[in-house]
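A single chain comes next, written as structure tokens; it is the form predicted alone.
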């Protein structure tokens, strides 16, 4: 068993961990190990929204263009395509790209074809809205958790390797303890979101972030489940998960969640796969922790999963993962083009 925090990022703690030094977790879990030469990774969420009759084909054309752009020099190491319908009734497709080194992302972002597409006047008209939400956290400012070594998703798919079983999990507070920066930093949110323009059709709006904004992506993979396990997940666990995600969609701002998306991975023909994830932006890690530890909606989600684990005698084919980023202001970029006013962090600002 090893620490979730990479060796090169360990330091004497000035802030206490939630678990004791001799704590032994009740079951194994793992983390992704990014290559030692990297100082930052890049997580880019490229979104397109549509509702008008002509919007779907325009959105598909947009995704095809992005895939072409992402296939050139300094391409990301992994891409996902996911779909959800937002509270305003717009379909949203997100092409999510991960780089294991931020320098490659910056070169890609500075390419003439990339910048020309995002800055073209056509982005501000038509039947679709486009947006990009990019986090480029230093390795000290994000953490992962993986239920089994073969359940890598998201940023873990651009990692160099997976750890041995780690100590910091299986208790409330493990998420914070896995963040290397939490050894010395309280990770409190400072400041507030602000806009550089009024959100409206035809507008280009950037959101100025605040310190220690928090993003969580938490996913489920049920492709390998069969029989009783599959029935329990789809019939008992997933409905409770969906209800909790719905609560955050409708009421998240009241508890510090700026926006939540419960998304389904889709193929190139937009057919759903057996992979889903919740993705939410929070004002602070503390508010995310408070919801996870004590809010009835998350307590129900956690209870449903634990009931399933017990019914299956700890022998599960369901794969789970998450990644959490607590981002400094210089690690965030949010831009919305021709989008409705409640899109993404426009809602939070």
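If you're wondering where the values come from, they're calculated on a predicted model, not measured in any experiment. Positions refer to the first chain, counted from 1.
The same protein also exists as the form predicted together with another copy of the chain; that form is not shown, yet it is the one meant from here on.
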(message) Check for me whether another copy of the chain, as it appears in the predicted bound form, comes within 4.5 angstroms of all of 2, 12 and 211 - heavy atoms only.
(response) no
(message) For the interface check, one of 38-46, 284-292, 55-63, 319-327 should have non-hydrogen atoms within 4.5 Å of another copy of the chain in the predicted bound form; which one?
(response) 284-292
(message) Is residue 333 near another copy of the chain? Define near as a heavy atom within 4.5 Å, in the predicted bound form.
(response) no
(request) Look up in the predicted bound form whether residue 269 has a non-hydrogen atom within 4.5 angstroms of another copy of the chain, and give yes or no. (result) no
(message) Taking another copy of the chain as it sits in the predicted bound form, is residue 117 near enough to touch it, meaning that at least one heavy atom pair lies within 4.5 angstroms?
(response) no
(message) I'd like to know if residue 170 sits close to another copy of the chain in the predicted bound form, meaning any non-hydrogen atom pair within 4.5 angstroms.
(response) yes
(message) Pick out the residues of 310-327 whose heavy atoms come within 4.5 Å of another copy of the chain in the predicted bound form.
(response) 310
